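The chain below stands alone, shown as C-alpha cells; this is the form predicted on its own.
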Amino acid sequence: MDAQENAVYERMAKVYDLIYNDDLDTGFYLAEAKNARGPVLEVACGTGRILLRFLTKGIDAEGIDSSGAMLSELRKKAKTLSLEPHIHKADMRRFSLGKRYKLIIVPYRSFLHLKDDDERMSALRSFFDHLQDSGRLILHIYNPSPDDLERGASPSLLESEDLVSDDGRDYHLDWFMGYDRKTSRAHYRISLSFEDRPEDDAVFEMDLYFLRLKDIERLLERCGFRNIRSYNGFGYEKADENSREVVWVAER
C-alpha cells in the first residue's frame, strides 16, 4: 500500500467499523485459527474486527497493519475488553517479526491493494518466510464480475446502504466504483453521511488491483507454496470463475 492509500486509512480509522461492518467471515477464520494449533498472524488487522475475536477466544494471535491510526483504534477497543494484543506497525510487502506462525491470514481483500507482481511477490515471500513448515496462508480476494469489468474508469454508484451504528446513530453509505482495464485498477469511492451531524460526513477513495484466479495461483506457486486450493466464499466449495468472494489456502 503506497503513502496515499495509507493516508486514507489514517483518516478513516475512527469510522472504519461503520463502513466495514459485516461479520460473514469471522466464523470461518475462527475455525481455521483453532484448527491451526499454533500461533496465528493477521496481516492488515485494521481496528481488530477479527484479531480481537481471536483473542477473546484464547487464540494465540498477533497482527500487523501499516496504519498507525488503525492500530490505535484497535488498542482502544482491546482496552475495553481487558486485552493486550501483540500488534506491529508493518508493511505487508516486507516485514520481519523474528517469529514463525502456523497460520497467516490476509482478510477482506487487503492483498488487492498491491499494485503489481513485484509488490505481490514481495508480500507472498514475506508470508512464506514467516510460516512454520506445513503452516498455511489464507488470502481473501474479490474476483470481479463481467459487469464490474465493463464499468468505465469514472466511478459510478455500486451500492447504497442505510444503517444504524452501535450507539444508535442513523447513517448512510454510498459505494462507487470505476474500473480501468489497462491497469486492472478498480477505483472505489465511499461516501459516509450522518443524519444527526452532517458536519461528520466524509468521502474516502482507494484503489484495488484485480487479478485473475490463475494469476494468483501462479504467484503462489512461484513463491514456493504448495497444496494450493481456492474456495467459493467462506464455505469449502471449490471456486470457479463465477465465484466473487474467493478464499485461497496454501501451505508452506
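For clarity, every value in this text was computed on a predicted model and none was experimentally measured. Start at 1 and count along the sequence shown; that's the residue number.
There is another form of this protein, the form predicted together with a small molecule, and it is not shown here; the text below is about that form.
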Self-check item: Any non-hydrogen atom of Ala33 within 4.5 angstroms of the small molecule in the predicted bound form
Solution: no
Exercise. Check whether Ser126 has any heavy atom within 4.5 Å of a heavy atom of the small molecule in the predicted bound form, and answer yes or no.
Key: no
Quiz item: Could you tell me if Ala44 has a non-hydrogen atom within 4.5 Å of the small molecule in the predicted bound form?
Solution: yes
Practice problem: Please check if Met177 has a heavy atom lying within 4.5 Å of any heavy atom of the small molecule in the predicted bound form. | Solution: no
Practice problem: Report the stretch among 159 to 167, 96 to 104, 78 to 86, 112 to 120 that approaches the small molecule in the predicted bound form to within 4.5 Å, counting heavy atoms only. | Solution: 112 to 120
Quiz prompt | Within 4.5 Å of the small molecule in the predicted bound form, all of Ile141, Ser145 and Phe210 (non-hydrogen atom) | solution = no
